[in-house]
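Take a look at this one chain, the form predicted on its own, written out in structure tokens.
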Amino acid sequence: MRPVFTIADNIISPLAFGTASNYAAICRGESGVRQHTKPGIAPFPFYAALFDELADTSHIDTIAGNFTKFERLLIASAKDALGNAGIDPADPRTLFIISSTKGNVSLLEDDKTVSPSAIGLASSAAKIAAHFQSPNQPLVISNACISGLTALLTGMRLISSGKYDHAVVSGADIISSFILSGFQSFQAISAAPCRPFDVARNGINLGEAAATIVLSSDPAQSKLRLAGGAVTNDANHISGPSRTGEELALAIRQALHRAALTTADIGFISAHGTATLYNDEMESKAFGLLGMNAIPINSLKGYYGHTLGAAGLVESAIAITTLQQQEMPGTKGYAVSGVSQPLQLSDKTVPVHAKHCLKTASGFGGCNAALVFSR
């Protein structure tokens, strides 16, 4: 099985265009989460990270063609990452993988006569692949909030097996009334900026973003590896996570085994950290079961909100940059621990000495994912 490397990435968020600019912004403690008054999305003010705040939209606005906002975000992100990767997207050995939870579902709110085929994620993926003249049928990964990590794991397995040499893994989601009201029905939305792992946490903020990570079998292009990964399901509840953390712990254990590492090798953890009561508690228990309490950990939801199908890619790109820079952004909104297991959290950017890092995610339906990145 061939090793797989991360050779380029991009993040587009309300904070900035490009991974380096996003990383610098969150290390300064900046957040894209704001209070918004948008009657088209909600009849009351709400906190979220929306693209209205993005100063420079030229990368998105200048994309020609009959594309939706969701599709333009994916194209802009993939274009930037491909430019840095130096690979040909039209190469038959290059695959496009699209990660999203909602895609163009907002079209149903804007146009009641819209064709169902225009809303389907497969339709968007085909348009994006055609834009880059890819000869391969693209893959779509829509697996709740672990979509981004599952997409990366899928790309890694296809390259490792020799089927492809490169995978362009892109994810995006935009916020609509349907999405916000859905999370409100679970009483999961915070009325203030979210506070991951904090004693005062009471729910999530949603966010918009797009991100791309390009994977390759070529070791000459990068010294950063996607070393291992795994997915599990706790079969606990349609929306509530496991009460024990055992199933996320299993995913972490399997990811480490496939990376030929132990918990002692991990230099920091990029957690899912949604700031809901149950998710953060479950994650803390999973880390406690594995004896990972002393490893530096963060959540990025206070900067980006929960970006759904883009979250795993956004947060993985920041984790990769953290491995390169050896400084871990803090957990914005965190002050006093509110989980049962002690964790090494800080609201400040802190130095780390890491050769390997762990990225975790969990989502509706009981799904869990863990990836290991190595420098």
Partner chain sequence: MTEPCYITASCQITPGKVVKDGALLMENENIAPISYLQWLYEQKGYNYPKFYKMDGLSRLGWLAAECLLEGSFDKNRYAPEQVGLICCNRNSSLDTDTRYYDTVKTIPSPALFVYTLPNIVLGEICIRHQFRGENDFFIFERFEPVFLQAYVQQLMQENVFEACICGWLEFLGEAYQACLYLVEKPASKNSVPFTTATIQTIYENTHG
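Residue numbers count along the first chain shown, from 1. These numbers were taken from a predicted model, which means no experiment stands behind them.
This protein has a second form, the form predicted in complex with its partner chain, left out of what is shown; the following refers to that one.
**Student:** I need to confirm a contact call. Of Ile295, Ile141, Ala227, Ile189, which residue comes within 4.5 Å of its partner chain in the model of the complex, counting heavy atoms only?
**Tutor:** Checked against the cut-off, the match is Ile141.
**Student:** Of these, Leu277, Leu250, Leu261, Leu289, which has a heavy atom no more than 4.5 Å from its partner chain in the model of the complex?
**Tutor:** In short, Leu250.
**Student:** Among 73-81, 212-220, 231-239, 268-276, which stretch sits within 4.5 Å of its partner chain in the model of the complex, heavy atoms only?
**Tutor:** Among the candidates, contact is made by 231-239.
**Student:** Mark Gly182 yes when one of its heavy atoms lies within 4.5 Å of a heavy atom of its partner chain in the model of the complex, and no otherwise.
**Tutor:** Yes, contact at 4.5 Å.
**Student:** So, His131 and its partner chain: in the model of the complex, are they within 4.5 Å at any heavy atom pair?
**Tutor:** No, His131 stays farther than 4.5 Å from its partner chain in the model of the complex.
**Student:** Hey, in the model of the complex, is Lys102 touching its partner chain, heavy atoms inside 4.5 Å?
**Tutor:** Yes, Lys102 sits close enough to its partner chain in the model of the complex that at least one of its heavy atoms falls within 4.5 Å.
**Student:** Tell me, yes or no, whether Gly86 is in contact with its partner chain in the model of the complex, where a contact means a heavy atom of each within 4.5 Å.
**Tutor:** Output for Gly86 is no: heavy atoms all beyond 4.5 Å of its partner chain.
**Student:** For the three residues Ser31, Lys69 and Thr94, verify that every one has a non-hydrogen atom within 4.5 Å of its partner chain in the model of the complex; reply yes or no.
**Tutor:** Spot residues vs its partner chain: no contact at all.
**Student:** Listed by sequence position, which residues of 118-134 have a non-hydrogen atom within 4.5 angstroms of its partner chain in the model of the complex?
**Tutor:** The stretch 118-134, when checked against its partner chain in the model of the complex, contributes Ile119, Leu121, Ala122, Ser123 at the 4.5 Å heavy-atom cut-off.
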